[in-house]
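Have a look below at one chain only, the form predicted on its own, in structure tokens format.
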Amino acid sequence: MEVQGTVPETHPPKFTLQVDTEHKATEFRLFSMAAPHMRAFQLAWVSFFSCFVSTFAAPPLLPIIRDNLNLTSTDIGNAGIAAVSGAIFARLAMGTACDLFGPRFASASLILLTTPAVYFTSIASSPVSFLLVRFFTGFSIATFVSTQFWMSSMFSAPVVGTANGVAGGWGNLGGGATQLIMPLLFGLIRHTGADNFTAWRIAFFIPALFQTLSAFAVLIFGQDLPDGNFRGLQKSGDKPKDKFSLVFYHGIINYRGWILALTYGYCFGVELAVDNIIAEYFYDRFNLKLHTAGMIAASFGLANVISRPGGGIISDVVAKRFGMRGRLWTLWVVQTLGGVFCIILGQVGSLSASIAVMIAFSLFVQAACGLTFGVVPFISRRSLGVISGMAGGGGNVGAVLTQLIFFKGSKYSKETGITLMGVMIICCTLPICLIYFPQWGGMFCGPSAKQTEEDYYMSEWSSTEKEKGLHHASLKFADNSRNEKGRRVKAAALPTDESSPTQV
């Protein structure tokens, strides 16, 4: 199908991967470094991973840090809340920055701005200074938004869920890896002769250096879009410069983004809350050694190796047959089951049962994260960054509320807090049934016969903007999104006399 208003390419760029009419990859090669698609993937997840390592470097060492800084349970709870609250508005701002300046510049800038806070953790001397460094370090995990935006800009509809799931999951893996890395670094430094209160401080220089190097790698080797960087494409006229006010407006008025912000708050938000408390929970409840508690806690985050990518892959596979309706149903089922396992985790009393249930819980709740961002790229083409920021920010809001309600102070025991958290997961997942795309349908209703993909995505552009040709990218995206009708109705939806190029 020829997209009306596009300029023919006399010398189309060549790519290693197969691409669609937007030059987004239609295949995903996990271990490839092919530029620009797979290179962007590798840079995105590694840089996001480094930010997760830094943000959650403190929890596995809390038994030592709390003795050094005389932290109370309230101080620890406040610091945990601070670590995830800073990214709430940072994620929304990051989404807008990606829409206007590109994911490469936005991501690297934030990483470099937050790196000093990681270094300064080593000189924290009071509960207040500890809270502040955790607060400012937590801004860095807003790079999740740039990661998802970048993947959605590089990969086409058939594989975008997989790309988002693997990049996000492997980045979130840092939350589990740091549970192993920091106690290991602490132990190695202790063996050199440092005392406990010195060793934990020195250990923080490693994640800080890792974060710094990842930012420079993104700047030097990354590329915003398949055809080039934002600034270069805008200068050449190949990418029109959009207005901040309109990009922001079309994002915040889309109710689907707000629903996913709520539901994401109780899959990713729960994951953040658990990263903050799980090591201390096993250490205190089962009287384990610090290293042992850290290893058990690490298994929760390390499940991201397969769970979140699995969610993205499942989303794409289900969509091939059932379209967007399949993506929504699968998200609801998986996240609800995550809530059920969370309730069980708070009720079991033996160490072995707790570990088994925790792993099952982690698999489902993290898969729900991947499933969520199998839906997000289709909510808005023009305001993709804002929608990604809303959903991502919702994750942090959920983490803050969960930490504040259930794990701050001594109102609830940790096991009771975990049980109640599971109840909230189930309740806050229900609004998924309200999401409806006129061209594809929702969980309980089929698509409207009068609405097409073009109608949906063109509604974000005024007639004046269309006359200027600013909507051409959205037209291409609408054409490449037809598979979201599902295999059963796709044949009826596609025109009989036109075909779409799938490879350049």
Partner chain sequence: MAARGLLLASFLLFSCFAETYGMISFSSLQRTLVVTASHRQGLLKGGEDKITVIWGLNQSFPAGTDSAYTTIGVKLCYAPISQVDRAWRKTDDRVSKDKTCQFKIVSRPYSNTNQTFEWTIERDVPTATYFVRAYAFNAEDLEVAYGQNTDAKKTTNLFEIQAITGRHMSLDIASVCFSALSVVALMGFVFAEKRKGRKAQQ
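Positions refer to the first chain, counted from 1. Rigid core (definition): largest C-alpha set, two forms, superposition within 1.5 Å. Just so it is clear, the structure is predicted and the values come from calculations on it, not from any experiment.
Beyond the structure shown, there is the form predicted in complex with its partner chain, which is absent from this document and is the topic of what follows.
Checked against its partner chain in the model of the complex, the candidates Leu184, Val333, Leu209, Ile252 yield a single residue with a heavy atom inside 4.5 Å, and that residue is Leu209.
In terms of contact with its partner chain in the model of the complex, the residue from Phe248, Phe136, Phe120, Phe322 that brings a heavy atom within 4.5 Å is Phe120. When contacts are judged by a 4.5 Å heavy atom cut-off, Phe89 does not count as touching its partner chain in the model of the complex. Interface residue remark: Arg104 is counted as part of the site for its partner chain in the model of the complex, having a heavy atom within 4.5 Å. Mapping the unseen interface onto this chain, Thr464 falls outside it, with no heavy atom inside 4.5 Å of its partner chain in the model of the complex. Residue contact with its partner chain in the model of the complex: Thr416 places no heavy atom within 4.5 Å of it. Contact with its partner chain in the model of the complex, defined as a heavy atom within 4.5 Å, is made by none of Phe244, Phe444 and Ser459.
Checking 156 to 164, 291 to 299, 399 to 407, 198 to 206 against its partner chain in the model of the complex, the stretch whose residues place heavy atoms within 4.5 Å of it is 198 to 206. Residues Arg66, Asp67, Asn68, Asn70, Leu71, Thr72 of 44 to 72 are found to place at least one heavy atom within 4.5 Å of its partner chain in the model of the complex. Superposed on the core, the two forms barely differ at Leu470: its CA moves less than 2 Å between the shown form and the other one. Core-superposed comparison between the shown form and the other one: CA of Met443 displaced by less than 2 Å. Put the two forms on the same core and the Cα of Asp67 is off by 2 Å or more between the shown form and the other one.
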